[in-house]
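So this first bit is one chain, no partners, the form predicted alone, shown in structure tokens.
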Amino acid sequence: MALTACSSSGSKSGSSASGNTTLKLLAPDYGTAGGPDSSQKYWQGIADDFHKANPTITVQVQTIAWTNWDQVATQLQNKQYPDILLGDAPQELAASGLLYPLTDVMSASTISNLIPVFAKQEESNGVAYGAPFTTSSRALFYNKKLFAAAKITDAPKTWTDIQNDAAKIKALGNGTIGYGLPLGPEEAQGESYLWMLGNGGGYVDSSGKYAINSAANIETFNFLTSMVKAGDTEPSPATVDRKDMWSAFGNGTVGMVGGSGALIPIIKTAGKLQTSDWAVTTMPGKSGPLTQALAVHDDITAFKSGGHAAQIKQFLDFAYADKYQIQFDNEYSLLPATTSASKSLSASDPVAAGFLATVPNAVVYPTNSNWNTVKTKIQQSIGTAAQGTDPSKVLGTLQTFASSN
């Protein structure tokens, strides 16, 4: 497993004769491996602080780049389980009997502080097997300079507005992209969901059953196909990842793109757009702005194999302190998973406050037990439904896969 970093001290295995315990924590790197913003440094800082307060417990930190995250599935298939995993939704792992119920590894006071809309998503058959750790909410970013050059006076509110505005921006030439449509494997499931929601669709129906090939979703991808064919987007959305499209927006060559607060530091680092050159608005739907934002989160889960429930509880209660939640959000421009940290951040950061205001009423990903597997399949193939392959066939294949796996 190609880990981006590995650091440890103290005992090398779960427990020693002296009564010391080592917990293994595996997490994705939200920054640059080996760089000043590496998540390895964040987690190691918490681990060191925790060890000072709990000298008989050492937390061994390992981080892996998101682009290599599929290797984690291989590790789990080989029964190489960490004690604590940040990253994946808990339902599939819980169905396999691998996880502690959350109440075994987190105190009641910490659990009650979790933001309800995300905490509810951690449940399987009424029992929570994970906890949200970091969250984000989605909206539409648009380039005001390009809008002005194209003589567009208002932010888009409907799909038709997006299509018309994108065409005007493309007509400016110089390689400008009207709407950035990243349907590559990094996060095709998120971009697709934003558009599905705008047409009353989604991955599941009201009963929670998969409805990937619903009439609404097929209509949505037919519309996206028309935008791609007209040149209103980049030429091959199925091969474009979000990070690349966000970078292009930061460089000033994209008129509109769906994004979260994590896009803001990318814009600032690029240095091509001033604060007054871009703005954020509600994501447009077919006939009007979305009434509910898409909000996502990454999960903490705890594995039973090591038998360290008590020690895991001590660490998680420690790691969910407001100062660590806010530190993570400040470093990566994401949002907290706890109510107390959200209130604190909202009071000090107006931009974060705007995104956090949409969270209580947000739409979240499905909680089906096989969602992680289905999500991976969506990431690999759904983009083709917007660039030449019959959407009904692509979505139908995904529906069959989701219903049979």
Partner chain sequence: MTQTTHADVLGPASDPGGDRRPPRRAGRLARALAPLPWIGPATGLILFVVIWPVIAMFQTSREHYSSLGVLMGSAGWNNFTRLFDEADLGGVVMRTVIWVVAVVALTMLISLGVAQMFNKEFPGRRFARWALIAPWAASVVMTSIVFRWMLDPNNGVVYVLLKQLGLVKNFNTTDTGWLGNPTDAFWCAVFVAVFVSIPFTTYALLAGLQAVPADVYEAAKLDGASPLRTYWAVTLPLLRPALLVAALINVMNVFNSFPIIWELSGGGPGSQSATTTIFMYQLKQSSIGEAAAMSVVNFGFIIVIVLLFLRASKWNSAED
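Numbering follows the first chain given and starts at 1. Quick caveat: nothing in here was measured; it's all calculated off a predicted structure.
As for the form predicted in complex with its partner chain, it is not shown, yet the points below apply to it.
- Comparing 71 to 79, 218 to 226, 284 to 292, 131 to 139 against its partner chain in the model of the complex, the single stretch with non-hydrogen atoms within 4.5 angstroms of it is 71 to 79.
- Looking at Thr339, you'd find every heavy atom of it more than 4.5 angstroms from its partner chain in the model of the complex.
- At least one heavy atom of Asn174 is located within 4.5 Å of its partner chain in the model of the complex.
- Taking non-hydrogen atoms only, Lys377 approaches its partner chain to within 4.5 angstroms in the model of the complex.
- When its partner chain is considered in the model of the complex, Thr373 lines it closely, a heavy atom lying within 4.5 Å.
- This chain is drawn without its partner chain; in the model of the complex, the residue among Leu316, Ile326, Leu146, Ala238 with a heavy atom within 4.5 Å of it is Ala238.
- Screening Asp298, Glu187, Glu92, Glu122 for any heavy atom within 4.5 Å of its partner chain in the model of the complex leaves a single hit, Glu92.
- Contacts to its partner chain in the model of the complex (heavy atom within 4.5 Å) from stretch 379 to 397: Gln380, Ser381, Thr384, Gln387, Thr389.
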